[in-house]
Structure formats: structure tokens, C-alpha cells
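Take a look at this one chain, the form predicted on its own, written out in C-alpha cells.
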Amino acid sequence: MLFYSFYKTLVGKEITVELKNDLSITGLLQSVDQFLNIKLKDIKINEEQKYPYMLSVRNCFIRGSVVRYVHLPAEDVDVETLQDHSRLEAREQKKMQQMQQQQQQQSSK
């Protein structure tokens, strides 16, 4: 959920999404969901000569499983907050694992 929450803070910002088929799309982030599916508006294709059929497209929906990279503007990334949240999430996961192990040990007795 860390990345989902992070991407929600970038709605309205310009990002570049590089797909697994080497297509790079730049546009305004309109929305993102828990599967990291992305909606972009006012898109531009970075290699127009290679993908001329994409010139008429203005808005797009990108399935999260086809994304290779998401390039973000450096000024919109708060590294300290990301590090803090990732540490918190790691601690919570560790606690959950410990609780599950304790429950398994108690049920096996």
C-alpha cells in the first residue's frame, strides 16, 4: 500500500511511464488504483516516429502489470517520508509474521 499511497499524492503532476514494450508515455497523472493501474491525460509519446498511431491519443489507461518504470519529477518526491513509511510498513509486517507464528505454535500444542 506504500506505493499506492505515494502515487495518490502525485495526482495532477506530470509523470513518464515506461512500458515493458519500450513505449514511453508522458502525461498528467489523473488517477491510480490499488493495482497500480494508471490513468494519464494530455499524453505525449516520447518516440513519435516509432509509434505514429499514438499521435491522436490524448488520454490513456495503463494496466499496472505492463509498467516497467515510472519516472517522477524529483521535486515531488519526499525521500525522507518514503523511508519513514517503508520502515513503518516493514515493522508492521514483521509484527504480523510474529503473531502468525505464535498462533501456529499455540494451535499445534
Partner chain sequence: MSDKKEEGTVEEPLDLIRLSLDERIFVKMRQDRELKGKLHAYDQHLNMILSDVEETIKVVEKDEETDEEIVKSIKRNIKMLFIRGDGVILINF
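Just so we're on the same page, rigid core means the largest C-alpha set that superposes within 1.5 Å between forms. Owing to the predicted nature of the structure, the values given are computational and were not obtained by experimental measurement. Positions refer to the first chain, counted from 1.
Absent from the display: the form predicted in complex with its partner chain. The rest refers to it.
When contacts are judged by a 4.5 Å heavy atom cut-off, residue 89 counts as touching its partner chain in the predicted bound form. Although the partner is absent here, residue 9 lies well away from its partner chain in the predicted bound form, with no heavy atom inside 4.5 Å. Within 4.5 Å of some heavy atom of its partner chain in the predicted bound form lies at least one heavy atom of residue 18. Contact between residue 94 and its partner chain in the predicted bound form is found at the 4.5 Å heavy atom cutoff. Residues of 59 to 98 placing a heavy atom within 4.5 Å of its partner chain in the predicted bound form, in sequence order: 64, 65, 67, 68, 69, 70, 71, 72, 74, 77, 79, 82, 83, 86, 87, 89, 90, 91, 93, 94, 97, 98. With the core held fixed, the Cα of residue 101 is displaced between this form and the one not shown by 2 Å or more.
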